[in-house]
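This document opens with one chain alone, in structure tokens, the form predicted on its own.
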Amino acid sequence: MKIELIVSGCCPFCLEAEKVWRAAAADHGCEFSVMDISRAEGAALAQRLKLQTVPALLIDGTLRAVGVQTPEEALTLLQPQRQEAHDRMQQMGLGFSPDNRWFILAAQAYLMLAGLGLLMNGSFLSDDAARPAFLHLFTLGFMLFMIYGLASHMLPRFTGNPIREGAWSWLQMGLAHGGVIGYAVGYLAGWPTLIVVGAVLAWLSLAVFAYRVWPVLWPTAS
């Protein structure tokens, strides 16, 4: 049996994981190697597996777990008849997923639009009627999208539990964009109905995000 541990030199937990698996490999007569992502071979392997965190464990070339395991958990993973229960472990990257990249890019775009609008409109310091439109580009646009992007990326890394992805993420993004645009245009045009629509869409995006992040914080017992 071949055990490979993917690590990073800046990871504070990797040394502990290496100690556990080096001892487990020695006890069970397994081949053991450490792959550092700072080296070409380790980086290529992490990219191929689309990892989002280290340490990550491969047994006979198959990703079995991420994070630090106890000696008891290592023993469980090394027992072939019980490995299937661990195959559901989700891969969690070192880089942003496409949806999270778009959240961050949208946040930057809204920040620039907010600052440019305040400067060009002359409402950076004055309490102009259009000022709330640009302030909402900052609060709902920049801050909310930045939170969405970073939280979706970081929270699974803290708990090791997967976040709901796919269509839910893009639905959340679409609702959030609708909320920001509805707020901004509603204030600029003086249309209270559109402002309310924007508020509802923004709230719905928060509800979708809460649904996505729920299994990260409170996973279903299995």
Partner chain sequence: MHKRNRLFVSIALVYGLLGGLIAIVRLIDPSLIPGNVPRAHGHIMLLGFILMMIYGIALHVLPRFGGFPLYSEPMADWQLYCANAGLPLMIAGWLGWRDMLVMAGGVLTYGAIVLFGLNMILTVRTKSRTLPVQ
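This one's a predicted model, so the numbers in the text were calculated from it and none came from an experiment. Residue numbers count along the first chain shown, from 1.
The same protein has a further form, the form predicted together with its partner chain, not shown here; the description that follows concerns it.
*Asks:* In the predicted bound form, does Met1 have a heavy atom within 4.5 Å of its partner chain?
*Replies:* Taking the distances in the predicted bound form, the answer for Met1 is no, it never comes within 4.5 Å of its partner chain.
*Asks:* Report whether the minimum heavy atom distance between Ala74 and its partner chain in the predicted bound form is within 4.5 Å.
*Replies:* Heavy-atom contact with its partner chain at 4.5 Å: absent for Ala74.
*Asks:* Check whether Ala23 has any heavy atom within 4.5 Å of a heavy atom of its partner chain in the predicted bound form, and answer yes or no.
*Replies:* Although its partner chain is absent here, Ala23 would stay clear of it in the predicted bound form, with no heavy atoms inside 4.5 Å.
*Asks:* Within 4.5 Å, heavy atoms only: does Leu144 come near its partner chain in the predicted bound form?
*Replies:* Residue-level check for Leu144: yes, a contact with its partner chain.
*Asks:* Taking 4.5 angstroms as the heavy atom distance cut-off, pick the stretch from 168 to 176, 37 to 45, 192 to 200, 64 to 72 that is near its partner chain in the predicted bound form.
*Replies:* Among the candidates, contact is made by 192 to 200.
*Asks:* Going by heavy atoms, what in 174 to 190 lies within 4.5 angstroms of its partner chain in the predicted bound form?
*Replies:* If the 4.5 Å heavy-atom criterion is applied to its partner chain in the predicted bound form, 174 to 190 yields Tyr183, Tyr187.
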